[in-house]
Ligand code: NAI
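The data below hold one chain only, encoded as structure tokens and taken in the form predicted on its own.
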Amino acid sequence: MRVAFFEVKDWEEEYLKKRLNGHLLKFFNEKLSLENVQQIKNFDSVSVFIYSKIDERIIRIIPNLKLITTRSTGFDHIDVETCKKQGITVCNVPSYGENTVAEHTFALILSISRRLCMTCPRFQHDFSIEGLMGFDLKGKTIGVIGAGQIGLHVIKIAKGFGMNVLAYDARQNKLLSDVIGFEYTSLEDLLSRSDIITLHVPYNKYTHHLLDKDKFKLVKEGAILINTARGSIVDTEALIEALDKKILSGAGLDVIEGEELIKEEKQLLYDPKNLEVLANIVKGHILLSKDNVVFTPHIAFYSKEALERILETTVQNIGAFVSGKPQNTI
């Protein structure tokens, strides 16, 4: 099979060459785009990360395309409906970083709860502890929106801290809630009772701006918001307002709305169709200037072990497709 890999680093290329011996492979450091897609127009398979947007225009240029393997759990960067119509199999990596993202979630929580976001910059010139009083996690209530594989890892860690746990999910596992010790509830109830709210849902048309101005009105005053899922799950303007009005006392963000195009800001300035995205990026920068906001550049998944699991699952996805038994299909 002819497989083109995009958004790969040198060490990933070496790994894939060893594991996919016998296939014709081509590697690109950059994302797949209309500018480079002509180089792979005769390929059968494409593997991308989240910054490669595979839409109908891209798909039309690769007429022999049979398989798309995204090296991520989320797949909102792929036009799945067009793929279905064209008979193209789309595979993802559903399980690779549950513990990795969950651990990063608590890194963000602790950075806010113990005022690390304020301590580190200050201690370059000021050793006073004024305004740096933190709070214990023990006894606090954490609300987990999306109790899937990542959410459940967050819940287990939270129980280790002695926290009370609320969960909101379309699918409920009563046995797990009894064994682990957490409570399923409505989204509205979770928002009103949680000291810490953490997001672990996929991004789609149903979760777009799941937290908007109306939802923030329900949030318990002084709560903390953590987002390691997707930026567009939260209305950026509503988030800024919630922080300004002290509805939220802080936010830990690994993602912001419009982040996928931050590298393309100069191009955006000349494209009226993308002005809304550009506005969200600017608002995102406003968020980053606040001393009660901790931001990391979409690295919750980014551990050595998780990256190796991503590559290995991708290799297995390709092998399973070739053998006629596709796995991890969307």
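Residue indices: 1-based, along the sequence shown. Here the structure is a predicted model, which means the values were calculated and not measured.
There is another form of the same protein, the form predicted in complex with the ligand; it is not shown, and what comes next is about it.
In summary, the region of this chain contacting the ligand in the model of the complex, judged by heavy atoms within 4.5 Å and restricted to 93 to 101, 132 to 140, 244 to 252, 190 to 198, corresponds to 93 to 101.
In the model of the complex, the ligand sits within 4.5 Å of a heavy atom belonging to Arg171.
Looking at His298, you'd find a heavy atom of it within 4.5 angstroms of the ligand in the model of the complex.
By the criterion of a heavy atom within 4.5 Å, Thr207 is counted among the residues contacting the ligand in the model of the complex. The ligand in the model of the complex comes within 4.5 Å of a heavy atom belonging to Gly151. Of the residues Val219, Leu166, Ala147, Ile112, just one reaches the ligand in the model of the complex with a heavy atom at 4.5 Å or closer; this is Ala147. Contacts to the ligand in the model of the complex (heavy atom within 4.5 Å) from stretch 205 to 231: Tyr206, Thr207, Thr228, Ala229, Arg230.
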